[in-house]
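Shown here is one chain on its own, the form predicted on its own, set out as structure tokens.
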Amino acid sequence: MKKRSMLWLAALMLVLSVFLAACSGGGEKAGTKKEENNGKSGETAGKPQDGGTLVYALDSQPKGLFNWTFYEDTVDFEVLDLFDENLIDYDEHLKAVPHIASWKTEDNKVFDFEIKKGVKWHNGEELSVKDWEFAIYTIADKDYEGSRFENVRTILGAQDYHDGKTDKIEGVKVIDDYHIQITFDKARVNNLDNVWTYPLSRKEFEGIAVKDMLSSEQVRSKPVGLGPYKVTKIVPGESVEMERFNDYFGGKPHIDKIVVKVIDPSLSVGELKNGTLDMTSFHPSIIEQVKALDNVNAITYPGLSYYYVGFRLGTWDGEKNVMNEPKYQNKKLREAMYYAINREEWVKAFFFGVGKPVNRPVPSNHWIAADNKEMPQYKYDPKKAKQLLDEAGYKDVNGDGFREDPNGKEFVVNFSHYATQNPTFEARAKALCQYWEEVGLKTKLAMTDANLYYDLLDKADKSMEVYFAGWSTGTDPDPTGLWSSKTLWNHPRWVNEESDKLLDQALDIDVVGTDNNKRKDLYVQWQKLFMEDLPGLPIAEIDETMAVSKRVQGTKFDVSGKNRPNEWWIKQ
């Protein structure tokens, strides 16, 4: 059996660290290492000053879907978050709080919403609840091409509208321009957290068929929002320019302009040092270089993201997942691949102190997270991995050092990882491949462009047999949106009746009432079931990392994300 020692990984990381140091702009001072700031960007004393331009960097190209109804990834999200708004907000405990909309409910089934008067779109039109109704109808339309139907499916009548059985959604009732009533098909604990609360401008999309919206200029090149900044220019794949929106309902912004541009991650430290970049999220691999900059605060704050390795267990038939792909159905094979990974070593090597191994598909910062000690551990044990593979019939029958499948045919783990300009991604993918080859599983790596990657997963493309994925779970801790048998984003196409039952019960008012302890107990049972069945292998969870120039004041970060940009200002 072919073996390569972990000296290979050490050598790889040495080369990588030299590369990152060279790209950091050089000239680092000895003894200037600073502790990171936890959620604060430095001094905020004094009266906010108006004026200036803030440069905000993205580390990869956005797909260019600049509308909440259609966006798919975190890069587009970063742009959207600067110029558009959710109707509701979330506090540092991830509890829903009024923002543009407030609400009342007596039974968690019928909700009466009221929106603020005088909230303006960037085109000058006043926001109406009819814009929210328009968004719900768009997402429920049979021709809608996005991935948000799960966020309206539970509204009474939405499924019938989607299926063409009716031309009205029974559960959506507009009272007047500022009041709307939404009725769900049943009372659930998370109806408010799950429902779609991003309006869509009727004026902007007037006359555009739902099937044509995704490719429209209103989504791609001339987006209009409700936020503190409005888009003035987009250079696809390169930059987005914005100017402050003086009629923003939350108060006139202080900063004149925001320029969002794509910067090669290898250049970001140099640009931060030179003062040509003010704010960017960054990969943990450069955290020490960011900390060493005298003019920048390296900020870490609690994250809601985790990474896992998934298996293509089935297909998506357009409505639900069907678990009909045989290659990775043997649970012992999946268990063996988990035991083969030295997660402690891997996380330490590639997440540089801001990550840790995780034993469940729920980040620790969510209140439903089971104690890691309650979960099966799957600690690094290559002997156990080899034993499981032997038991499952994966043996080296031709003496080439790699195992054949139980039928004696060649077996190759076709592993996919998304590709950006970040050099650590291919390095960490190759390290995972090495772990599997150490136990005799021949592995072939494909680095796939990040802008295509999740489209392929959504389509259950056959090329995505074993894949690496990261998820930011959002404010609602319920895992249904990712792991229900009826959701598109269940990329392994895992179908398990007990899983669906537990997820449904955890949201059922008749089962849990408003008792969060009962609800958490069901989610803990679900996490145990997931870790026993292993449709995916949870690998790591990480904190969020941001670099903010010390000239930028008024920023705040917590588990719910960044504060609104109208509160930021530049120290002149």
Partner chain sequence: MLKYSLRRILGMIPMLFLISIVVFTLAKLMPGDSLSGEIDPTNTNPQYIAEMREKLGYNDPLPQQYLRWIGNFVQGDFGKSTRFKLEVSAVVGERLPNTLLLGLTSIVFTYILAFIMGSYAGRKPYTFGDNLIGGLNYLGLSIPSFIAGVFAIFLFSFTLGWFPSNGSVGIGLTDGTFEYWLSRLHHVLLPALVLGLLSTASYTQFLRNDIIENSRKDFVRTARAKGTPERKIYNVHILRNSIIPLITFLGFDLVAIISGAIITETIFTYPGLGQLFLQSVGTRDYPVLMTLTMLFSFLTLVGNLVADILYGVVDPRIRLD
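Numbering follows the first chain given and starts at 1. For clarity, a rigid core is taken as the largest C-alpha set superposing within 1.5 Å between two forms. Remember, predicted model here, so these are calculated numbers, not experimental data.
If you look for the form predicted together with its partner chain, you will not find it shown, but the lines that follow are about it.
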108 to 116, 361 to 369, 442 to 450, 400 to 408: which one contacts its partner chain in the predicted complex at 4.5 Å, heavy atom to heavy atom?
442 to 450
Looking in the predicted complex, any heavy atom of K520 within 4.5 Å of its partner chain?
no
Taking the shortest heavy atom distance, is Y71 within 4.5 Å of its partner chain in the predicted complex?
yes
When the contact criterion is heavy atoms within 4.5 Å, does L65 count as touching its partner chain in the predicted complex?
yes
Q329: touches its partner chain in the predicted complex, heavy atom cutoff 4.5 angstroms:
no
So its partner chain isn't shown here. In the predicted complex, which residue out of S215, N123, Q387, T183 has a non-hydrogen atom within 4.5 Å of it?
S215
Please tell me which of N246, N295, N274, S463 lies within 4.5 Å of its partner chain in the predicted complex, judged by heavy atoms.
N274
Residues in 463 to 479 with any heavy atom within 4.5 Å of its partner chain in the predicted complex:
W471, S472, T473, G474
Per-residue C-alpha change between this form and the one not shown, Q218, threshold 2 Å, rigid core fit
no
Spell out whether the Cα of P479 moves at least 2 Å between this form and the one not shown when the two forms are superposed on their rigid core.
yes
